[in-house]
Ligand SMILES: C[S@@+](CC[C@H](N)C(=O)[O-])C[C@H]1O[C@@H](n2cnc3c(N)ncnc32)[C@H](O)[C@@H]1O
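Take a look at this single chain, the form predicted on its own, given in structure tokens.
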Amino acid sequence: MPQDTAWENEYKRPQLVTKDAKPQKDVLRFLKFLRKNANIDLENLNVLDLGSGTGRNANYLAERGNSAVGLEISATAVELAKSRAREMGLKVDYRLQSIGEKFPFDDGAFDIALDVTSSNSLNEKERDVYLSETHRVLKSGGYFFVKALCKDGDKNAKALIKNNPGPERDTYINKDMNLVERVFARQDFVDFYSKYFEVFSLEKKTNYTRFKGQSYKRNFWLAYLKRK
């Protein structure tokens, strides 16, 4: 099953996503870091939300005086994000597109990019496009937040790779969603993203993810990156 069909099915009948309207806490922490440590005034910025889902982060940023654009592979999620933006009186540019394809934006169009566990289901070819395109559309010195699935110390991830191996390195098949997902060891993450970005903060965080009503312990990377 192509990943667009898998994510469309997920947003129609949620097993993993929450459809929450509030911004994600990890994004709020990243924005706080930019304000305090990079002296960035979080207004009048151009923000690109990669895998924008139902708009929880893009709408939050737009509400605070920024120009936000979201790329999302699920039509159901896009329509819900647009509906919420209208209800809030916001103008947010949501577009139906995979983040593994060339982005329809000019070079250096954005100050900030966000990827909150959205690139996990890309294959290696798509992931290379995603990374080079994010670098291209960010301004020199622009910031990039990535939350990705972590392999290190994650028993569930290692069991999934062993029992349901995917077609590429460190991938497994999520059989409930019929989706291939990629997990990263620390050095693999650094090696991949440092081709285009300075990795100036990489933190491992443990969360409990709810799936089909059950709670699973998973590790994630929280990465603060800066365009080289």
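For every residue, the number given is its place in the sequence shown, counted from 1. None of these values were measured; they are calculated from a predicted model.
Not on display, but discussed next: the form predicted together with this ligand.
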52, 99 and 121 each touching this ligand in the model of the complex (heavy atom, 4.5 Å): yes
Interface residue in the model of the complex among 131, 80, 137, 116, criterion: non-hydrogen atom within 4.5 angstroms of this ligand: 116
Touches this ligand in the model of the complex: residue 56 (any heavy atom, 4.5 Å): yes
Exercise: residue 73 in contact with this ligand in the model of the complex, heavy atom 4.5 Å: yes
In the model of the complex, residue 7 touching this ligand (heavy atom, 4.5 Å): yes
Heavy atom contact within 4.5 Å of this ligand in the model of the complex, the stretch among 35-43, 158-166, 189-197, 56-64: 56-64
